[in-house]
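The chain below stands alone, shown as structure tokens; this is the form predicted alone.
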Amino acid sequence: MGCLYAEQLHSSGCDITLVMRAGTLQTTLPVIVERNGTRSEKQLRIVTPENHEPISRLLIATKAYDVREAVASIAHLLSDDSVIVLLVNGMGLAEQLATDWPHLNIFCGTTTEGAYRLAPQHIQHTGRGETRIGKQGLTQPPAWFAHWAQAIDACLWDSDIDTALWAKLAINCIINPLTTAHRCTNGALSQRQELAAQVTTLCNEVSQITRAAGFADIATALPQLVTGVIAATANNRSSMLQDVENGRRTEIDYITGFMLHVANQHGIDAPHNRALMQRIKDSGS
């Protein structure tokens, strides 16, 4: 996703650099995006932790478990004026970053854009979606957001971003772990009777936690939201399932793990979520 936004922002005239790991020797790297039979290639400058060039605005689109390490590696390049846009799965990371680096100006985002990696810095853009960015309590977008709105289709400022983030979290808590545990496409969750029953059970449990967390509207609408996503992405394999299939660590701690953390805060037992999370962890994920 980072490559997708880098390509679009660069195409609109923004000065974009890629943040690479320490030890990267190149000074520029190509970012290639394929979409609708066309190919866009942009040569972008890079910055590494060894550099001393300050970072004014930083988009973080890593796996959730890599966020803190990534920020720590370049913390010396960030200042009180630096803007951070956190576009990752799960919740709780913004609070962790604010605790570790209280001076950072952190914004959160969520997207339904579709893309997957073909090779390093080479992605396939599979579908247009909607991107929402916001900061809870900030009703009007800052000046820098105008570049995003201009460069990225359907990029919206959301003055209630926590609600959007929770809606995605709740849906992911149901679809991602179930498809991973059963090694199936999203569509199988509605096509197979035993899986549809598990979807209903998880929806009921997540809805209870969601309501306790203060998102009553999402709690009420959750079964319909989940059904809609399953239908719209029936042929997809969830990102969590793809991680398992490719031998990568999953983001279960930041999705189901965060939901269970909130459940504990409100004294809610969530046995089905807990069992599903343990099943995925026991499988080496």
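Values in this document were obtained by computation on a predicted structure and should not be read as measured data. Numbers for residues come from their place in the sequence shown, where the first is 1.
One more form of this protein exists, namely the form predicted in complex with ketopantoate (KPL); it is left out here, but the text below deals with it.
J.: Whether Ile175 contacts ketopantoate (KPL) in the model of the complex should be assessed with a 4.5 Å heavy atom distance threshold; does it?
T.: Contact with ketopantoate (KPL), yes.
J.: Does Ala221 reach ketopantoate (KPL) in the model of the complex, with heavy atoms at most 4.5 Å apart?
T.: It does not: once ketopantoate (KPL) is placed as it appears in the model of the complex, Ala221 has no heavy atom within 4.5 Å of it.
J.: With a cut-off of 4.5 Å between heavy atoms, is Ser238 one of the residues that contacts ketopantoate (KPL) in the model of the complex?
T.: Ser238: yes, in contact with ketopantoate (KPL) in the model of the complex.
J.: Find out whether any non-hydrogen atom of Lys168 is located within 4.5 angstroms of ketopantoate (KPL) in the model of the complex, and reply yes or no.
T.: Yes.
J.: Using heavy atoms only and a 4.5 Å cut-off, determine which of Val229, Val67, Leu59, Val31 is in contact with ketopantoate (KPL) in the model of the complex.
T.: None of the others qualify; the residue that does is Val229.
J.: If contact means any heavy atom within 4.5 Å, which of 229-237, 32-40, 213-221, 256-264 contacts ketopantoate (KPL) in the model of the complex?
T.: Selected range: 229-237.
J.: For 181-196: residues with a non-hydrogen atom within 4.5 angstroms of ketopantoate (KPL) in the model of the complex?
T.: Residue within 4.5 Å: Asn186 only.
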